[in-house]
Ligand code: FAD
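Okay, here we've got a single chain as C-alpha cells, the form predicted alone, with questions on binding and movement later.
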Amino acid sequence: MNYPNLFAPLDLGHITLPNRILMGSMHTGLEDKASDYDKLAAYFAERARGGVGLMVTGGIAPSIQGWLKPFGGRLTLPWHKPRHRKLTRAVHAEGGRICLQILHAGRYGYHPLSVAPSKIKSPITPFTPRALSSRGVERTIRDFVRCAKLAQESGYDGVEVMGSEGYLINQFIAARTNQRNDGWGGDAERRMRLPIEIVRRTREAVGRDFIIIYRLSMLDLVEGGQDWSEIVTLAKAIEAAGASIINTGIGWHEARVPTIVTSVPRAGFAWVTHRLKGEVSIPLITTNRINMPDVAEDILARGAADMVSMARPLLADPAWANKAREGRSDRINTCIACNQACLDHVFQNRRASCLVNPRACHETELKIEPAAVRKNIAVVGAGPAGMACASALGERGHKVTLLDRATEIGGQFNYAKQIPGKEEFSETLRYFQHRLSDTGVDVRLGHTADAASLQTAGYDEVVIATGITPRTVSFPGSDDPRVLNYLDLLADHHPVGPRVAIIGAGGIGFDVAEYLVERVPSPATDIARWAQEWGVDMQLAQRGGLQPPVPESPARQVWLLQRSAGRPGARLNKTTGWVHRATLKAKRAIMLGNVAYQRFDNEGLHITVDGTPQILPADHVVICAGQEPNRQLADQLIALGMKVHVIGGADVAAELDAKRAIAQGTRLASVI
C-alpha cells in the first residue's frame, strides 16, 4: 500500500475512520449566509469524494456574543438546522464524515458585543470586550452544549471544540487574558475549568456515539501563555471529560512567531504533538505545514501523532487523499502556504479560495466541463496564467499548443522559487508539468512565437500570456553596469557585492531583499534552525514556548527603498506581510520611505530621505520598481484580425499577481 500509516483505519469505538487524514477547520466565508450553504455543500462534497477521512467545518459560533464578525455563521436555533443538513447530507452521500467546529471568538470578535474572561482588548481588533460574569460563563457553557446538540440533530458526525489560537477558551486558560479571581480564574486549575466543563457537559448531552474533538493549544507562542505541565494536565482532564480526539493548536493570532506561512518548515510543529504522546490514551492529531503525503507518512511512522490535519492542502487539491492512495502523489496540486487567496480573503471579508486552485469554494460556478465544440487554440507564454489556461483548455477537450521562448515552463515562478522560504513554488511547477501532459497539451519550449506564424498555423483562437517586462528607473548613473534589474539577479544570477540598495519596496523588492540577506539553505529547510531564528523554545521550558530569538547574521547589508512616504511593506498581504517585514528587520535591513534618487557613482547611491541628503555606500543597485505588460504580440494579432485573449501580466502588470493570473487563465478556459 502507498503510505500504509496514512491509510490505516482509525477506530474511535463507535466509528472507524478509513484513514488518518483530517481536513482541518478553515473559514471560507460561505458559512456566514444561509444562501451560500448550497455552495458550501458542494465544496465539502468534492473533498469527501476526494477520499479525506474526516473533515471539520469552519468556525461556527454558539452564540451571538461568540461571532467572529456581525452576522457570522452560528448554530443556535432549531431553524438553523436545515442549512447545516445540506452539508451533512452532501458529505454522507459521498461516503465522508464531517464535524462542526464550535468557535467562540471571545475578544477576537470583530463586533461590539464581544465578551472575554477579563476586560482586556485584543491587539488585532478595535473592540474592548465585556468581562463575562459567573452567570455569563455558565450561559456560555450551555451555548456550547446546545450548539453541539443541534449539530448532532443536523446530522454531523461530531463537533470540534475550539480551545486554541487565542479564542475564548484559550483566553480563559492563559493568565495573560484571564485576570479573574473566582471559580473561573486565578490559579491554573480554575483557569482550565471552562474547557473541561464544556467537554464534560457536551458528552453528557450527545451520548457516546458522537465524535468530540478538542482543539488544545499546545504551544501558545505568546507571553503569559501556558507552561507545558499545565498543557499536559489539561489534556488529561479533557480526555477524562469525554473527548474522542485531541487536535493540536499552535500559536495565537497575535503571536510574533509565524505558524503557517510558506517560510515555516514542513511539519514544523509535529514535535509538539509528539511531546504529548503517551500522556493521554486517545488519538492525537498534529497540524500546520503538512502538505505532501511523504511528510504526513513520516509523522505517523515515527509515532509523532495518530492523525494529520490539513486545511489549505485540501483547498489546493480536493483529491489529495485519493491521489496519495493511488500512488499519484506527483499529481497533487500542492499548497504553497502563500495565504493570498485563503486567509487574506477571509480577513478582507471576501470568500476564500486558493491561488493554485481558483475552483476552491467556487465549485458550483467555475466548472471545467467538456467543450461543445473542439477548437484549435494556441497559448503563448508558459507562466502561471498560460499554464493554468492551457491545462484547463486541454481538460475540456480542446486541441492546445503552449508556446514559450524559455526552455522551461513556469515564467515568474522560476524566480519566486529561489526566494528563501518560497521553495514550495517548485511544487506548483511539478504539478503543472504533469497536468499539461495529462491533458494532452502540446508544449513547445524554446519557441519564439510571432504573429505571422500564428496566423499561418490556422488557430481558431490565441491566448496571450506573455507576461511582463521590468520597469526601468532613470537617474544619473542608472546606466552603470552595477545597476541591475531583478531579473539580472534571479534569472541571470549576476553577482553582487556585500552592500546592495534595492529601489522599490513592493512584493518583488521584499523578495529580492530576502534573497540577498538570507544564507543558503534558508531556515525553512531546518526546523531547529528556524525555531532559533524566531525564538521558539523546542524544550518547552518557558511559558508559551517562547525564548529570545537569535537571528543568523545577514549575508549582506541591504537597503530597501521606496519613493512614496510611509512604512515600506505596508501594502503587502495582510497575513504574510508582517512576516516579511520582521524577517528583514531581524536581518538588519534598512527600510526607508519618501526616498528621492539623485545619482549613483563610486561613492554609492545618493538619495534624499524626507528631503535630507544621504549616501548609501552600495556596491550594487537592484531595480524592483514594477513591471509593464508585454503585449506587443497581442496587438499585432489583433491588427491581423485574429481572435485574441490577453491574460496574466500581459493584461495587468501593476504588481506580479499569480493568484489573479491563474484564476484569470482558468476562468477564460472554462468558457472558450
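Each residue number is its position in the shown sequence, starting from 1. Only a predicted model underlies this, so the values are computations on that prediction, with no experimental measurement involved.
The form predicted together with ligand FAD is left out here; the points below concern that form.
- Between ligand FAD and the residues A416, V463, M162, A105, the one pair within 4.5 Å by heavy atoms in the model of the complex involves A416.
- Distance criterion of 4.5 Å from any heavy atom to ligand FAD in the model of the complex singles out Q340 from the list S154, Q340, T125, Q532.
- Comparing 186 to 194, 273 to 281, 397 to 405, 129 to 137 against ligand FAD in the model of the complex, the single stretch with non-hydrogen atoms within 4.5 angstroms of it is 397 to 405.
- Although the partner is absent here, T448 lies within 4.5 Å of ligand FAD in the model of the complex, judged by heavy atoms.
- Contact check for G24: every heavy atom lies farther than 4.5 Å from ligand FAD in the model of the complex.
- Proximity of A385 to ligand FAD in the model of the complex: non-hydrogen atoms within 4.5 Å are present.
- By the criterion of a heavy atom within 4.5 Å, G251 is excluded from the residues contacting ligand FAD in the model of the complex.
- In the model of the complex, the residues of 460 to 486 lying within 4.5 Å of ligand FAD by at least one heavy atom are, in order, A465, T466, G467, I468, Y486.
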